[in-house]
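Heads up, the chain below is alone and in the form predicted alone; it's given as structure tokens.
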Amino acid sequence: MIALLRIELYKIFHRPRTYISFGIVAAIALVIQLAMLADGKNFIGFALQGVSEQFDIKGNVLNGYLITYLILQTLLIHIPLLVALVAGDALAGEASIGTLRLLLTKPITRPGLVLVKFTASVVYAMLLLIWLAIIALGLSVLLFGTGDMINLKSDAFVMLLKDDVLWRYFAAFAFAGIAMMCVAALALLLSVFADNSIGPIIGTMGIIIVLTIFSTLQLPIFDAISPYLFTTHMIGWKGFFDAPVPYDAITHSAIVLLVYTILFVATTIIVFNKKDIQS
């Protein structure tokens, strides 16, 4: 199984589109960083306009920690779509080029093949998050320095001391890893129903977009189902930037995402076991 996993990782990182995803992450992060270098002071002044009338805020407000938070708010919405590009191609891509039946002649069971495909997709997602951490956090701190972090929420103003910020980002990226595992599992599930990768990729994107709208629209009909949607819990990483940190809510969100991941992977195995492979 280890040998097959190496082959799957080779397939993923041998494709040019894999590196396009890394390039997209870097490009968006750099655009935000350059924009803040050029006009960040005006942006901060506008954002803190109401707060500065009540509090005397001094120090390096426009620092790497704040810039990283802005980048994460933007990119952690789009990274699931990049994960779907690989996970949605895992089984459907093999079917489209006629190698799925050949794979099943190897000394591995169908559930084992699904788990290998899922593991390879998760490895890709984790590397994408590590790359995001390097570009967003590492480069932002290098360009803007560090300092106390201001988190402006719709209903609150949170000030985090400089020495109390870095661990929160490590925890946030770890939580994001759990969320990306769930996305990879969903894309893999859709992949088992298709004979080409376009359908699973678009399907995953569509499901995430639609469910995200359900999660964010504050209407009574959506409030009833929102707690049960995995997209509602994918933004649980933001809880690490509250004071105090809502550990119970974050733990609950992580458990929900893990349950969905297990459910998606288990369903994929069941469907794949019954599937008549003709390609």
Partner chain sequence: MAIIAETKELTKSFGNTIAVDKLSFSIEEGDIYGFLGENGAGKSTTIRMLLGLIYPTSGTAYIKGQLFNNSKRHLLQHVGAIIERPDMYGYLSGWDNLRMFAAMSFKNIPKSRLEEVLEIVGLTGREKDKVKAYSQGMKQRLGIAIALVHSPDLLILDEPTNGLAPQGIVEMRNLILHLSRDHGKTILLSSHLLHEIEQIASKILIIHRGKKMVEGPAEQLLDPNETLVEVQMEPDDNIARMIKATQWHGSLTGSGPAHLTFKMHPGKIPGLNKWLVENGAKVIDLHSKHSLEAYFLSLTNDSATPHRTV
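Residue numbers count along the first chain shown, from 1. C-alpha atoms forming the largest set that superposes within 1.5 Å between two forms make up the rigid core. This is a predicted model, so every value here is computed, not measured.
One more form of this protein exists, namely the form predicted together with its partner chain; it is left out here, but the text below deals with it.
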Stretch from 179-187, 195-203, 109-117, 123-131 whose residues place a heavy atom within 4.5 Å of its partner chain in the model of the complex: 109-117
Please pick, from 92, 103, 208, 82, the one residue with any non-hydrogen atom lying within 4.5 angstroms of its partner chain in the model of the complex. 103
I'd like to know if residue 97 sits close to its partner chain in the model of the complex, meaning any non-hydrogen atom pair within 4.5 angstroms. yes
Quick one: is residue 10 in contact with its partner chain in the model of the complex, heavy atoms, 4.5 Å cut-off? yes
Post core alignment: residue 110 C-alpha displaced by 2 Å or more between this form and the one not shown: no
